[in-house]
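Here you'll find one protein chain in two forms, each presented separately as structure tokens under the names structure 1 and structure 2.
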Structure 1
Amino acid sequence: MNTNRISRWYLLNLAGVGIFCVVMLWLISKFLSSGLYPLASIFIAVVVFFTLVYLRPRLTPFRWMAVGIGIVIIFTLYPILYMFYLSVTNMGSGHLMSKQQAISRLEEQLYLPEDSQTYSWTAYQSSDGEFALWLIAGEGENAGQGLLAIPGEPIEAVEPGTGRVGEPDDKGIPLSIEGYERLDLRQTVPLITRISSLDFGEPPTTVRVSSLQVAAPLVSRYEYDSAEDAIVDLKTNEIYRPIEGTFTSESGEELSPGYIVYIGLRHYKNFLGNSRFREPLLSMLFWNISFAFMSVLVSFAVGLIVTLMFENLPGKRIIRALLIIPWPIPVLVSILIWRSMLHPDLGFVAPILESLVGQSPAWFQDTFWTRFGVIMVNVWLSYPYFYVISAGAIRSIPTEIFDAAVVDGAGAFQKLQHITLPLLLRILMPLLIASFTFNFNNFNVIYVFNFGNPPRPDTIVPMGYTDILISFVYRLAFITSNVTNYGLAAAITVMLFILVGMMVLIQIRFTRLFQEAY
């Protein structure tokens, strides 16, 4: 009984692994044939990893983690590596796919050879949604001949009233075809996009609907010559050769879509070498650092003040409950609320300020006040966290230290200055640095509060005065809509990665130092 159960479990297990491997291998072969080599290689890595873990008893502990590691490899590690790759490519509008994908896109394009036979057509639909066409040949040798065209079957000339084709009406169009029902014009029009995407007949002789009246044998316009590595236009006999990810003719005409190619460090030179790009970027970096620093400093200060002042206060539990109200509210909702509160027409802040000081700042137009606003909102969002962690840290300081200090005659302020603060800073420094790193990339506040605006004047690509690097990258990739440049966005992200990496090194160093000291 017991062995039976184990072997059944084992078989089930084996079948699962088998199915998984088959699916993965099929996927990998698809990726390879479409030229998606980076994606294929990461999937190969994952399959190899899974197989090794499954087969080698020494790797048994990894079975507990295999799924998680697989997900992290594909959805965290791969995008990071892929980002580095993208930063040295021309990926962007017009260059979104691999070479193979672009070629097959081009080869799908059809054209109507000049001297070819055209037909008028009538559509028929079967009960399960399949279509058939009745074609009547236009001018030419066979003018007036009726043909039956069904996707996947050879086109045949049939006399109406014979075989599957029903009796003709007065125009010679069959009233019915076996299994299909005739559609009148009113029924055909809504289906035209579906019908015109079908090839009727059997390759290579197929007919496509090219307008409501006309169907014609369309043929591929472009053919890829792999020996020459060039695309031939069968209509004009023009030859297009690849230049930087675009097939280009000798006269400079370009075929769309293009594809992704390696272009070296051009993006980096582009923004590091051009002063009209570099200078606003440097100023943005400076604001980025100040934003993160001010956010952490003020939030921590507020959190700390709250902790120290209310630690022994009667009613502290209620105060604390009220003070961490901002915490569970979703960040986006909080920022939206702030945005509406500060709104000149809708919010209540403007009238209050006007009655108190006579004027209200332009929160969303003025650079200084927008920056002030984002930091204020960010403090509102994050001081509860600092409150909670510094309260926890204070409780972890042994009370004997304070008692000893009091015996030595220390006052409240001296205790704070010489004992509490240094100890707290020592305990919390790694957290403060982590928080700085987080705020350095705090896209949410910047983007939702004012989309990084007000805009900077005279920049090559749109940038805002409250934009931080990551929100600028987002703007570049997803907002500036007419020409997106993913490669450039990736290159700037790589710089961000390096900056964050440096902060992390500092953080690790601090953590070590403090762990040794503490």
Structure 2
Amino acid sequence: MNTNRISRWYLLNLAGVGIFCVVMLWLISKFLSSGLYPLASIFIAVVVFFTLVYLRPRLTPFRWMAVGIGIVIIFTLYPILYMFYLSVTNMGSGHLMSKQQAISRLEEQLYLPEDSQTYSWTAYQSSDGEFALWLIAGEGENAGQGLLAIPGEPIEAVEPGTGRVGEPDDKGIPLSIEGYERLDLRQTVPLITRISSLDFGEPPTTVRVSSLQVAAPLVSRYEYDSAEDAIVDLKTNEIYRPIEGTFTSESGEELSPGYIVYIGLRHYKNFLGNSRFREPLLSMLFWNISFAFMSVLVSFAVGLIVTLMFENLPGKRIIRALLIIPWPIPVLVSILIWRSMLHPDLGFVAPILESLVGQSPAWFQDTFWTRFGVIMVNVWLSYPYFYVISAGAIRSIPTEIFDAAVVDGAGAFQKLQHITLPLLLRILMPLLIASFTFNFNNFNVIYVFNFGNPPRPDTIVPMGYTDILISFVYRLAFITSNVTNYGLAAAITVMLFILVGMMVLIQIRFTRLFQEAY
């Protein structure tokens, strides 16, 4: 009986895994046919994992968390691996798709042969927004012949007044077509963009509108020769061969779009080997570390001072509520408020400082003051957090220690130096390290406050004096359209990932040490 039950459950598992594998393999085949090899690879890993878990009795304990592990593989592990993959490719402007997709895009490009027949046209529209054309040949032996052209249907010669074509007007143009309403010129002009984007007829014979008066049969300009692995220009008969993801002719002319190819460690060499690129980035890295360190240090100091000064005052609940006001306000709103307050023309800080000291810092143009302003805004956003954790940590320190220090004659500063700070750092050090790691990648403050500006002169790619690595990666990948380079951005992100990973390992190491010491 037990044997039969086990066999039944095994068969059910086998059937379930079989259905799952069929669906996943179908999906993987779609990814492979589209050239999405990294995504296909990660789904293959998920299929192998699920198959082993549900068919191997030794892996039965993993079944209850198999779905969660699969989700982690797809949504956590895959982006990390894909980032590493992009860092060794040429992905960027003009190279955003697979080879198959690029070839399909090129073969979709049409042109008008010099000796092709042209037509005058009249548009008709159905109630559901579909279009049809009545074509009249302009030259040649078929001049004056009327043709009905509908997207997805063969172009046919029809006499007006027969079939679904209505009676003609004095120019020989049907007054109506069954299911369609004739459009006059005033109605056609607003729709010309939509109409000109449609192919009327059925391949290989299609017609496309080229102006308000003329329609003509367009043919594919490029054809892919799989035997030669080359693109042939059917208009000029020129041959374009692939060179690092770009189809290029012997004369050096390139076709767009290109496709993604493996280029090795070139981006890492550019990052580490080019002084015009390396030196500004090393300076940016130093500022990045300084920004994170100063933000944590000053925020912690302000939070601790606020804790010590206001903790024992009357009405401390109201004071505490006022002190943590910056915390619940959305970060974006707080930064924009600070930006408007410091604005030289619209803000109120500049007039006050000018009336007091005769001048106001250039918060958005001068490098020093912009960096000072960024840190100041970040301290304003961060100190309530440190105030809360400092207040909680101080309450956890036994009061007997302070009482004993008072008996020994210790003053307030000595108690702070020898008791409060050492015990507080012992408790809060893991949180301080975590906060440093967070601020190392604090994109919001840098970008929203001044977009990483003021700009650095004489750099290979645009970057600013207040850019940190993560904001520079964003600028490189998404903002600077002329030099968009996802591969280089991914390479820098990989190095940033490794650096942050080292910080996390240090945090874990320090956390364990303090737990053991405590």
Partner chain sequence: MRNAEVFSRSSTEPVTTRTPIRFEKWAQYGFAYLIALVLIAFAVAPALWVISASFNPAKSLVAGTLFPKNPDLSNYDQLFSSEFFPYATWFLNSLKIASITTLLAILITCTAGYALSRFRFQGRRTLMFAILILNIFPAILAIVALFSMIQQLGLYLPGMGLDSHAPLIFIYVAGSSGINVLIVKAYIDSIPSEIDESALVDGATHWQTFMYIIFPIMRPIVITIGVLTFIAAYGDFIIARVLLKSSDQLTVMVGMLLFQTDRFDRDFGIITAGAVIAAIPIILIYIPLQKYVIDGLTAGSIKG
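Here, residue number means position along structure 1's sequence, counting from 1. For clarity, a rigid core is taken as the largest C-alpha set superposing within 1.5 Å between two forms. Owing to the predicted nature of the structure, the values given are computational and were not obtained by experimental measurement.
Q: Between the two chains shown, which is the form predicted alone?
A: The form predicted alone is shown as structure 2.
Q: Superpose on the rigid core, then tell me if the C-alpha of E279 is displaced by 2 angstroms or more between structure 1 and structure 2.
A: No: E279 shifts by under 2 Å between structure 1 and structure 2.
Q: 2 Å or more on the CA of P174 between structure 1 and structure 2, with the rigid core superposed, yes or no?
A: Shift of 2 Å or more: yes.
Q: For R164, decide whether the Cα shift between structure 1 and structure 2 is 2 Å or greater, given a superposition on the rigid core.
A: Yes, the C-alpha position differs by at least 2 Å between structure 1 and structure 2.
Q: L148: how big is its Cα shift between structure 1 and structure 2, in Å, with the core superposed?
A: After core superposition, the C-alpha of L148 moves 4.7 Å between structure 1 and structure 2.
Q: Quick one: CA shift at I73 between structure 1 and structure 2, core fit, Å?
A: On core superposition, this C-alpha lies 3.3 Å from its counterpart.
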